[in-house]
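The data below hold one chain only, encoded as structure tokens and taken in the form predicted on its own.
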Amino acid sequence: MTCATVPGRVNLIGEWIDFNGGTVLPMALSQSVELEMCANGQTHDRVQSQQFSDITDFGIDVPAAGHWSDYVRGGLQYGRRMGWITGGQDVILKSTIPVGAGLSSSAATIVATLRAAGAELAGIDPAGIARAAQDVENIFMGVPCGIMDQMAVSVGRPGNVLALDTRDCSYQIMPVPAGWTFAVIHSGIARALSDGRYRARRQECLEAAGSLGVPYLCDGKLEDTPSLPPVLARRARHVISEGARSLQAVTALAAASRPSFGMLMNASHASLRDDMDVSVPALDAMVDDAVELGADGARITGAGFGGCFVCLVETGQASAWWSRLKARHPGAVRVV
């Protein structure tokens, strides 16, 4: 039997720019996926998870089925192609990462599968495993995601921020300053990217970059965005401004300037709400209240459409702040 444990992640700032040439700042979480794997001597994979009641049983070469087990099966098929494993596998998943919350449970599951299948024994470094996990999601799952989530869960360390340049995957690991608490709150609003909203916005970003004549949309200039059709102009405004905010956030983090970092988070949420159109009114109300009740900054995290938001709070005030926010929004759940 082989085992692997991989953390989830929360993105502090730098949303919708990992495929647009931007720098992103995810932070690995203490919540994680634990995976156990052993060969079963069959021509099928058997996958079960403590988070779901069913036990799945698929042929080893069956394509993605739109099922939660696809993340495991995609990793297993990749491992067989690479010669790390042969034949069917029995896999048991245990996870403390909420499903559908925007905390990269899917990327963590794929990375854990690749590690248990023998990627590390084959000499693949964490960045290489991240790229393999992206291939699984892009090709097997058919989700055209960037590299941020996979790098964050494969390379990141809990309690530290990964400042990642998504163009070349260069990065620095930066400690969270003393006195800073990043609280991750589940809004209670379910999210799913399988309905095409992620793909549509990604395509709009690529079209905007093509119209502006730049290889990456983050290379565009804000003064050129009015020349675009209205929807593309909004997408471009978000990406270009978010790319700048992320670089400013690296500076604020290095300087331990909590107010500056918080203001950048607030501006990021407004841009995600107004220009990327990926928030919802109920979540906007929670974010606004989080700041009103004492957070330095708050923003939706992940691709959006529900799920979690992240707040920056002074550590000594975090408990009292959360009590006030919970009283105002009883359905919210603090994940971190």
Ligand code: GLA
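Residue positions are given as counts along the sequence shown, with the first one as 1. Nothing here was measured: the structure is a model prediction, and the numbers come from that model.
Although not depicted, the form predicted together with the ligand is the subject of the following passage.
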Quiz item: Considering 136, 112, 239, 148, which brings a non-hydrogen atom within 4.5 Å of the ligand in the predicted bound form?
Solution: 148
Quiz item: Which one, 171, 198, 216, 180, lies within 4.5 Å of the ligand in the predicted bound form by heavy atoms?
Solution: 198
Quiz item: Using heavy atoms and a 4.5 Å limit, would one call residue 303 a contact residue for the ligand in the predicted bound form?
Solution: yes
Exercise. Spell out, yes or no, whether the shortest heavy atom distance between residue 321 and the ligand in the predicted bound form is within 4.5 Å.
Key: no
Quiz item: Using a 4.5 Å heavy atom cut-off, which stretch among 62-70, 25-33, 44-52, 295-303 contacts the ligand in the predicted bound form?
Solution: 295-303
